[in-house]
Each structure stands twice: as structure tokens, then as C-alpha cells.
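Presented below, as C-alpha cells, is a lone chain in the form predicted alone.
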């Protein structure tokens, strides 16, 4: 076929496709998914989410089980969001062999609910002493942390206010509150940030009122070795809202997980659909062309596979063998191929009687040449439509297997996120942002290919007649 004929055929197809409105919607959604995949590293705050989804240390600075940042738009009480602060007013002094380095971080607090934690980070090789202090908008100063650290060659320093400042924050609040309130709140259950970001008055321990304004956190690092050096000093503010889709109970960013799961959804759906439909089309054509006892035998084999309930089989096999994603795709393909067989066989029986097929046999063409050269190409339009319709099935089946805890735990899929939400009590605890986004993603992906498949079936099916 010449290039001009291909362009003309494509132009005719596109002119008809444009008339099917839900097909255009599916195409728009597909392009949107593809664009998101291409720009994934630029739209996720955690670009390594796919490879480090189970790595707790990668997410440790995030708050635990907090809603998305846009919740503040609809809430009367504004929650402090997660953010990162860089230091300023950097100074360095040499005292004998020691180095004393100071830097100040300014945090503009303008919310009703304070952050969950403030975490100091730096890269310091060897031993050091870290001192953190807080200057509040009302002029009060609170010494938060004094901690000696030896990092060795790793050099990474991490100091959490929440873990190391309970006593200091409690003692600060006790100066202003009543003995009754001090008795009601012990040091062990005190939340430092609620006290440190509250007005210094009665009730600061039990019913704190936010003190808004500029807070200055001063970090002092003492290095005993004059050859020591520091780098990358910053503060991570763990807020009470975080990211576009919040966090789960392992502090993982849901938005990053949903985006990372998109490429696996494409891979699972498309690969399963291509393999299974290709096998089904070839099988159906061969059954129709060979005829006789071969056709009967192939149809009995087809009936055996089509009568097997797929989901229970997948559940049992996944529970027994603990498959990875490739084996799971292979198992689904082993059962999905039966879908197009009956339709393809009926089409093949019609094509088989065409004059040019008889002519090919008369000149000695082999069965393989006739099937793959003359019959299968006529069914390619139907195959494409079927592939589009099979993608949602594959995605839903994988999500179902993963939801039951039988999927591949080494990758991030939407089903895995839903499984973690189920086991983590997301529904019971009202963590809707952990459940709804992956569910919507599955629905949108399925709807995308279903719309395209229905549109292609509407357009191409009448053209399957042989001229």
C-alpha cells in the first residue's frame, strides 16, 4: 500500500472518529494521561516515589495521615502546610580548634493550626553539637535542642523538634498556665509545636490560641575539628496539610504514588490487551480456516478456557506463587485471549469463502501464508477496537488482585495503594484522600480506553465486510 493510500485511509477514519463524541472525550483523556507521564519528574515532589515507595526513610519528613493542602480553601481553620526553609544570616567563628556556625531560619506563621514537626537537616561529617532555639513574635525565646551527634562518613544530620523538645516546650507553657492544666497535660503527651506556636497565656497547654507572626529558629553548630565542613542546612516543616492529595499513615505522598502508578496501569493494560487479543485473533482465524476436526478440537479447547472463572483462578494462583507483575500479566493473557475468538471465527468463515482465498490455495500458497498474509490483516481494525476495550479489564483485575494483598509489592500500582488504605484503616479513620484518588484514577483510565474502544468499534465494524 502506498503512503498516499495510507494517509487517505487515516483521513477518512479521523473524519468518522470526530463524529463520535465519546471517542473524542476518550482521546482527550488519553493525551492528558500521556502528557502527565512525560512530565512526571516535574509535577511530583518526590520523583523517586516509584523506586522508593516502601522505603520509610524517604518519607520520614512528611506528616502522618494529613489531608491535601487545598483543604484550607474550604475550612474555617487554616492548617499550616508542609514546606522547606533555607537559612540566612550565616556566620562562622573560629574558637581555638573549634568552629561555631550559626544560621537563622524565618518561618512566617499565619495559620490557625500549627505544624506537626520542625526538622533540622544538614550534611556534617564527623562529630558535632547541634543547638536549636526559637524566637517567637512576642519576643520570648525558647531553647529547643542541644544534641551531640557523630555521623561518621555518612554526614547526614536530622534533628526533630517533636522528639527532642517535649520537655522544653512543656516547661515554657507551664510558666503561663494554671496548676490544674499542668496536671491535665503531662510532658509525655504534650505536642511541642502546639505550645510553641500559641499565645503565652492561661490555657496554652490545654486550649492554645495561635500566635501568628514571624518565628526565628536559630541553629548553632559546634564543630570540634577545624577541618570539618557543613553543607545543605535547611528546615523541613511538617504541616497539618501536605501535597495535592495528602499523605498516608506511612507518611507517603499520595499524589506521587498515584502518578507513579500510572505507568504501571498503562503497561499492565496495554501489554495484556495486545498479547491476549493478538493470540485470540490468530486462534480464531486458524480455527475458521483449518475447519474439520481441527476446528472442533480448537473450539473444545476454547470452551474449556472460557468456562474457567478467571478471578478465582487468579486469586488462587497469586496466593500460591506470589507472582511479580510480569507473571500476573502472563496469567491474565492466558485467559483473556478467548474473548475475541468467537467473533473472529465467524468473520474468518466468511473471509475463507472469498475468491482470492480460493485463488491463493489454487496457486499453492501455504495455510500459514493465507492466514497471516490475507486473512489476519483484514481483522486488524477489529483487533485494535478489542484491545482498547480489554485495557480496562486488565487494569481492574490487577487492582482487584492487589487490593486483596496478592499483587506485586515491589511496584506502585493503584491497586497497591488501595490495599494499603484498606489495611491501614483509611475508611474507618475517614482518610478519604487515601481511597478516592486511586479509585478515580482507575475509573478514568478504564473510561478512557472504553470510550476509544466503543468509538473504534462503531466506526470500524461496518468496514469489516470483505470487498
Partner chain sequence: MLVKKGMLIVMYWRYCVKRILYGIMIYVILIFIFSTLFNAKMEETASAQIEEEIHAEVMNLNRMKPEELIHYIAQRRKYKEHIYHLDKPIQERILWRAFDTLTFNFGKSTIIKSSAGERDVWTIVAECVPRTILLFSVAIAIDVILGLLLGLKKAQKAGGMMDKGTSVATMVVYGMPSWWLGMLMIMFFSYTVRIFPSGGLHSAPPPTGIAYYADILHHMGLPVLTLVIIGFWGRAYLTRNIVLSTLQEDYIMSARARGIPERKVLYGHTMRTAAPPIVTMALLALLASVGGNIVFEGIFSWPGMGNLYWIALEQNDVPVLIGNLSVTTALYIGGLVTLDLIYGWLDPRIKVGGRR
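None of these values were measured; they are calculated from a predicted model. Numbering follows the first chain given and starts at 1.
Keep in mind that the form predicted together with the partner chain is not shown, yet the notes after this line are about it.
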{"query": "The partner chain contact in the model of the complex: residue 64, any heavy atom under 4.5 Å", "finding": "no"}
{"query": "The partner chain contact at residue 326 in the model of the complex, heavy atom, 4.5 Å", "finding": "no"}
{"query": "Proximity of residue 49 to the partner chain in the model of the complex, heavy atoms at 4.5 Å", "finding": "no"}
{"query": "Distance check, residue 22 to the partner chain in the model of the complex, heavy atom within 4.5 Å", "finding": "yes"}
{"query": "All of 69, 145 and 189 with a heavy atom within 4.5 Å of the partner chain in the model of the complex", "finding": "no"}
{"query": "Answer option from 113, 310, 230, 279, heavy atom within 4.5 Å of the partner chain in the model of the complex", "finding": "310"}
{"query": "436, 32, 43, 38 - the one with a heavy atom within 4.5 Å of the partner chain in the model of the complex", "finding": "436"}
{"query": "Heavy atom contact within 4.5 Å of the partner chain in the model of the complex, the stretch among 198 to 206, 279 to 287, 390 to 398, 368 to 376", "finding": "390 to 398"}
{"query": "In the model of the complex: members of 283 to 320 within 4.5 Å of the partner chain, any heavy atom", "finding": "300, 303, 304, 306, 307, 308, 309, 310, 311, 312, 313, 315, 316, 317, 319, 320"}
